[in-house]
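Here we start with a single chain on its own, the form predicted on its own, put down as structure tokens.
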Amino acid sequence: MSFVPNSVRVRIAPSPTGNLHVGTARTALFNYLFAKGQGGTFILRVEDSDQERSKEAYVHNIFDSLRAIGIEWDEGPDVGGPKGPYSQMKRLPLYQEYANKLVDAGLAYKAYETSEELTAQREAAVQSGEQDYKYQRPTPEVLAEQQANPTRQPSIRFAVPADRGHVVYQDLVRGEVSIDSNLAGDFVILKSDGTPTYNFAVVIDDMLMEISHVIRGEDHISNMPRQIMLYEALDSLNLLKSPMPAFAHVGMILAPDRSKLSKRHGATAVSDFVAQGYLPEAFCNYMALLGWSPPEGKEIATLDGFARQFKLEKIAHSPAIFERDKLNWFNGQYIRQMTPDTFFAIAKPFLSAEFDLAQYDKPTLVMMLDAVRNNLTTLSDISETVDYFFKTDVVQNSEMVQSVLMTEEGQNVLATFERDFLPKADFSSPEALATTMKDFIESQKPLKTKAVMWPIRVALSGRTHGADLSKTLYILGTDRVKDRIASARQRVVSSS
């Protein structure tokens, strides 16, 4: 069987049994980058044969999450295409047709055991000391007895050749891989309810959709013997409609403690990260570097830029570690690269509903958000970062307030600011206030700049870090600045 494709066609085939996971999203991204870099086709296929766990809401989450991080598909359930349908439950007749052809050729057979009997067989194998359980075909007498029972609905099992030996294939990431096919045992390809198992459905779907490369997680390596044997069986019957694809198994994404990434480590679904205020572009950029490094060494780039450099052979063998700090760094970089108007548009929905935005015009709101974004990690931090522009009382009796305002030096700065700065300050623009503030700081020497600015900032915002002080003064306006300085000084006096 040939591994050489006529054209690049790749797919991502998530199961809608939960929201789109980070690991699946990274696999989708690698497929997308490879397809776009090779001028190929990227396909979205929904593997929804697990009817007990599959939900339509999860299907929509898959669509929305992929599109949120900038991934669009050329063929799929919602956009159509020449190789559809693109969901398994609409392809059941295809699986049944090919399973029956394998049965007719003697390469598969009907099995009638109940789940209870299979469980008992497995437990008996364990008790007898077998380390690797393999399904045992029933004797002809037992099979005849099972077939005579009209209540039994058969599944279809693939007959693993007794002398098949090791399955060897060339992995585009890992090189030559050899796995003993005898470990598989005769495996189910069609369940008794008519739905396919994963290994059978994925082979039939990849074949009929003419998939050229299968790029997926390394946890699927164990499936390779079953899938290759199915390709060999179809080929022997001249049923193979397209060459067996080339395979590339990428390392898993692990948590910092090198355990499987799970909810105990925080968000694991793409939609959760988006809801927390991670920019889709930043999230996607970070994901692209989990197990792959651009040869030019430039970490921040567009998907098109990465696609031009992406090579399967350059994917790392080892697992990738999901580091939240690194993701935060990327998010901060993207936040700071935006224009003020663009940042305002994406950050505004994250502002608290309790804020009275009507008290400011749009240019002032744009200035406000722009003034604080350099300190942001995620968009969900925005409300806490600008809350002092909407509060009426901001000075809290914290240890920080005590250390800044409840000192003779801090009190003197506020008194001087109230007496000398406010009466002559020009509140017509932040630039005018910046000039006056510079003069005021100069007049307070030998005090250091921080010693002058901290008491003023704490009085105005209740914190020692925040937006540019001249912009803070401008946005708050003359009256509120005067009130907050007076209130802070009164608090100091009341606490004395």
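Note that this is a predicted model, so its numbers are computed, not measured. Throughout, we count residues from 1 along the sequence that is shown.
Beyond what is shown, the protein has a form predicted together with ligand GLU; the following relates to that form.
- For the options 473, 13, 488, 20, the residue carrying a heavy atom within 4.5 angstroms of ligand GLU in the predicted complex is 13.
- A heavy atom within 4.5 Å of ligand GLU in the predicted complex is found for one listed residue only; from 91, 373, 157, 216, this is 216.
- Checking 194-202, 302-310, 251-259, 382-390 against ligand GLU in the predicted complex, the stretch whose residues place heavy atoms within 4.5 Å of it is 194-202.
- Residue 314 falls outside the set of residues with a heavy atom inside 4.5 Å of ligand GLU in the predicted complex.
- In the predicted complex, ligand GLU sits beyond 4.5 Å of every heavy atom of residue 348.
- Looking at residue 164, you'd find every heavy atom of it more than 4.5 angstroms from ligand GLU in the predicted complex.
- Among residues of the shown chain, residue 110 is not one whose heavy atoms approach ligand GLU to within 4.5 Å in the predicted complex.
- If you take 309-348 and check each residue for a heavy atom within 4.5 Å of ligand GLU in the predicted complex, you get nothing at all.
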